[in-house]
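One chain comes next, on its own, written out as structure tokens in the form predicted on its own.
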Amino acid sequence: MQPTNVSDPKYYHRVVDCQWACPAHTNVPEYIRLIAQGRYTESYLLNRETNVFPGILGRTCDRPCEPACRRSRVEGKPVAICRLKRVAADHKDEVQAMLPAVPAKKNGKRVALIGAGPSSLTVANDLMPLGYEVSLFEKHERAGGLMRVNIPSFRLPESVLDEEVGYILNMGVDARFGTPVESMRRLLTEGFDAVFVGSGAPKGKELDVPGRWDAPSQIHIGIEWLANVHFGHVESIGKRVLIIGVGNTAMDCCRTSRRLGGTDIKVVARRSRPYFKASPWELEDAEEEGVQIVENHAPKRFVTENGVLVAMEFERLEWTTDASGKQRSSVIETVAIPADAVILAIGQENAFPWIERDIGIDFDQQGMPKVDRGTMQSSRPGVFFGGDAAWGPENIIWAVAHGHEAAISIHNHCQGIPVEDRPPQGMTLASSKMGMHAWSYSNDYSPAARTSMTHAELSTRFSTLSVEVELGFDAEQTAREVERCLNCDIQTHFTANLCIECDACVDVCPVNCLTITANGDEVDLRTRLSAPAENLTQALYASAELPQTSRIMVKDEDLCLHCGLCAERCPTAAWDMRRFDLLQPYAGRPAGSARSLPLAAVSA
């Protein structure tokens, strides 16, 4: 192997599994350390730099960071990253004055944003400080998109949503509420220099089985029903409720039904639990509230009597795997489940009837716009898409990531720079050493199990839709959970010409991730390490030749716990623990340039 290029930001970034897995690449270990120090405001601002909505995402994120967490390789459960994000949001000071300033003098460029969801708001957040005039077109009377109308308030309090959306609108966005865009052609004649479409995936999928239209008042489309609940158009539901589908929208529907009078609520899934799209914690919360999950049932027909829905028929399925490895189903029997109401939550689709098909915006056979995944630009220069509008339903953090990338492209487009010219990432790497054997971070391994979230009592949470179920961590829970973080951004940095090959680091490593051995190709090296390196998704670290024997130091990054014992034990300081900080570029702002107040200024 050639020596690893640790000057490339992507190498150490990949080692910080949680940050790598986050679509917005939030610096998770650093914001957790700030929380550990009680520096909630600084933690919040660090979070907001990348994910824009820490309070919202601290309650609703799909948490792609947590399955990647290195802690789960030690004792099974990851750090409660999402819930710690909420701690910073709940306990921060007033931050409005610390947010990026918006210049009074504009730069002469006008941008239209369609839809006031998280992707459009992120674009506004990034462009307003650069002097752009941003006009936001939203069909509803308030901003937030599906965050507002489809996430129930018992999961996301309206006050949290209003606060974080308000930070962006207060920058001076020209927000045109109650103003749907009905013609892209007409909008393009209004002199905007760029247009961003962040209109979401607002159409729920239908279920075309017999009886669908025999009792329409009792059969609902999930996202439409949730919106009607939000606006107060629906205030009750029947006692026996079936929810078809098992994604996160289905979980919101079943839990909302429980609060509107449903007592016998079943979520019906075509497959078994390993194939569910809903997040595990959403399933747990639903079951805690008395919702029954019915597996391996395929809808067959709606059963009505005299125009009234009374039940739904299902085919109970058995799944087997054929010789090619493909799963196939066979029907065991047909069963009827009584129902007073059925909510269809089997997916969402995009709907673009307002985009004419002869204006240079190409669509595929599924009716989706053709969007470049690197630039977010459509086939028509100057028109960009993001969030669910780009490639179908995702989660909020993906919408935020799309917004950041689109803002870079919009800025490039308006300044005459090719949208393909993406500013590079950067990094800082600074020693964490303090004295001979001390580090500027807590490197003692905490054996504590993952902290459980405290929930409101069932009797309390069912009293009204606005009672938040998760109560957040208290000070003791927070102190315990932050110590579970393994500080994966504190990197083991090796200087080959200082090594005397004493094997002290190899001996002290608690997980056998270090090996001094003769060089070879990577496949061969992976079999000759102290512990075989079986996870091929993370690279091996390989040093330059060591001065004494020309062997190399090899490290399996997948196993390392960042405990620092190798650096403490090394008699020549060949190993050091260095804090890695990924520097990300944003619209009009190269990697590493300041936007918010420096953290030192915040704490002063």
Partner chain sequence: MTSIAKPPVRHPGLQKNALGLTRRDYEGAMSTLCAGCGHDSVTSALITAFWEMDIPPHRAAKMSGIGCSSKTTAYFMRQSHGFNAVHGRMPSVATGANAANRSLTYVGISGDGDSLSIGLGQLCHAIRRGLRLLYVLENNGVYGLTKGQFSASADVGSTAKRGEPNLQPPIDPVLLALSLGATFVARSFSGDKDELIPILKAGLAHNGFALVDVISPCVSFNDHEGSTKSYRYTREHAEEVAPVDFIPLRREITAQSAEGTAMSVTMHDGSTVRFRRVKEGYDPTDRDAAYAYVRHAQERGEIATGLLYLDERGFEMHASNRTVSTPLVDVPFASLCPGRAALDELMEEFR
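Numbering follows the first chain given and starts at 1. Please read all numbers here as calculations on a predicted model, not as lab measurements.
Omitted from view is the form predicted in complex with its partner chain, to which the following refers.
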Pick from Pro210, Pro510, Gly520, Gly426: which has a non-hydrogen atom within 4.5 Å of its partner chain in the predicted bound form? Pro510
As a check of understanding, the residue in Asp503, Glu288, Glu158, Asp372 with any heavy atom within 4.5 Å of its partner chain in the predicted bound form should be identified as Asp503
Exercise: Leu540 in contact with its partner chain in the predicted bound form, heavy atom 4.5 Å: no
Please tell me whether any heavy atom belonging to Asn443 falls inside 4.5 Å of a heavy atom of its partner chain, as the geometry stands in the predicted bound form. yes
I'd like to check something about Val74: if you look in the predicted bound form, is any of its heavy atoms closer than or equal to 4.5 Å to a heavy atom of its partner chain? yes
Taking its partner chain as it sits in the predicted bound form, is Ile417 in contact with it (heavy atom to heavy atom, 4.5 Å or less)? no
Assert contact_stretch over 32 to 40, 45 to 53, 555 to 563, 60 to 68 against its partner chain in the predicted bound form, heavy atom within 4.5 Å, equals 555 to 563
Those residues of 524 to 556 which, in the predicted bound form, come within 4.5 Å of its partner chain by heavy atom: Ala531, Pro532, Pro547, Gln548, Thr549, Arg551
